[in-house]
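Presented as structure tokens, the chain that follows is alone, the form predicted alone.
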Amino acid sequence: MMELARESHDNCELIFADQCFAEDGHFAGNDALRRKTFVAMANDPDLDAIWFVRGGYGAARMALDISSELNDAADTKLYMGYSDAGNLLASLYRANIGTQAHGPMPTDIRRDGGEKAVRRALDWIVNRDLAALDPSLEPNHIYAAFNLMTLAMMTGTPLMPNLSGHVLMIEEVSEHLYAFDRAMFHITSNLQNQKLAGLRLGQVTDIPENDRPFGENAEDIARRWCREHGIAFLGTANIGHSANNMIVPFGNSDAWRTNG
């Protein structure tokens, strides 16, 4: 990983916190250690970005009120990851701290074609290369992107940002279609009054087989619930739990295109 970064982006240095290698049951250290490490790195003025190594099960347990511990240095950083890390991205976006992006993480190097995903992530982190972004992104739009189940569990909690006017992009992995259906009902019914600009469906992968066909695919389900709750379905996006995961920065596209 370090060698790949040096070869492809010799103007950057990757630093992995010791906490990344800790173990506490299922987790990379207990909640207190994970939170302490995140806060210390976010507040370090010598670091330009926080790149989450993995999705981070349990991230919601350390994301509540985390903004109260962050200083001015945290506001200068890019924060990037996906899956459960969406809890932290949402919390920071809600508090208007730094910039956020849904995009590949270091662990994706283990996937088939994972080196391309890691290079793509570094292209954005280091160079703000617009070629790393999902091709559906357009000027003069506001974006946010989340794993569907992560977003569904955040909806109605203090972590949830205001998504009014946003193009919301979602993706999912390893969920039965009936669970996908439940989650789509939950988020579309809760967000219908926020006046989303629309919804795009990313990759829905590794769907477990049910004991009988569900009768709809993921796009059918997304279209139906969008129609039911008056949300524009804008088509598909190339984000998700795969090496093809493209990057979606949060916020106004004109701002990060200007800074790219």
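Position 1 is the first residue in the sequence shown; the rest follow in order. Fair warning: this is a prediction, and the values are worked out from it, not measured in the lab.
A second form of this protein, the form predicted together with a further copy of the same chain, is not displayed here; the remarks below concern that form.
When you look in the predicted bound form, the only residue of V167, A132, A117, M154 with a non-hydrogen atom within 4.5 Å of a further copy of the same chain is M154.
Residue P213 is the only one of P45, G230, P208, P213 with a heavy atom lying within 4.5 Å of a further copy of the same chain in the predicted bound form.
Heavy atoms of no residue among G113, E219 and G251 are located within 4.5 Å of a further copy of the same chain in the predicted bound form.
The stretch that touches a further copy of the same chain in the predicted bound form, counting heavy atoms within 4.5 Å, is 171 to 179, out of 67 to 75, 171 to 179, 134 to 142, 119 to 127. Under a 4.5 angstroms non-hydrogen atom cutoff, a further copy of the same chain in the predicted bound form lacks A85 among its neighbouring residues. In the predicted bound form, no heavy atom of K195 sits within 4.5 Å of a further copy of the same chain. Interface membership of L159, defined by any non-hydrogen atom within 4.5 Å of a further copy of the same chain in the predicted bound form, is confirmed. Interface residue remark: W225 is counted as part of the site for a further copy of the same chain in the predicted bound form, having a heavy atom within 4.5 Å. In the predicted bound form, a further copy of the same chain lies within 4.5 angstroms of at least one heavy atom of each of the following residues of 176 to 196: Y178, D181, R182, A183, F185, H186, S189, N190, in sequence order.
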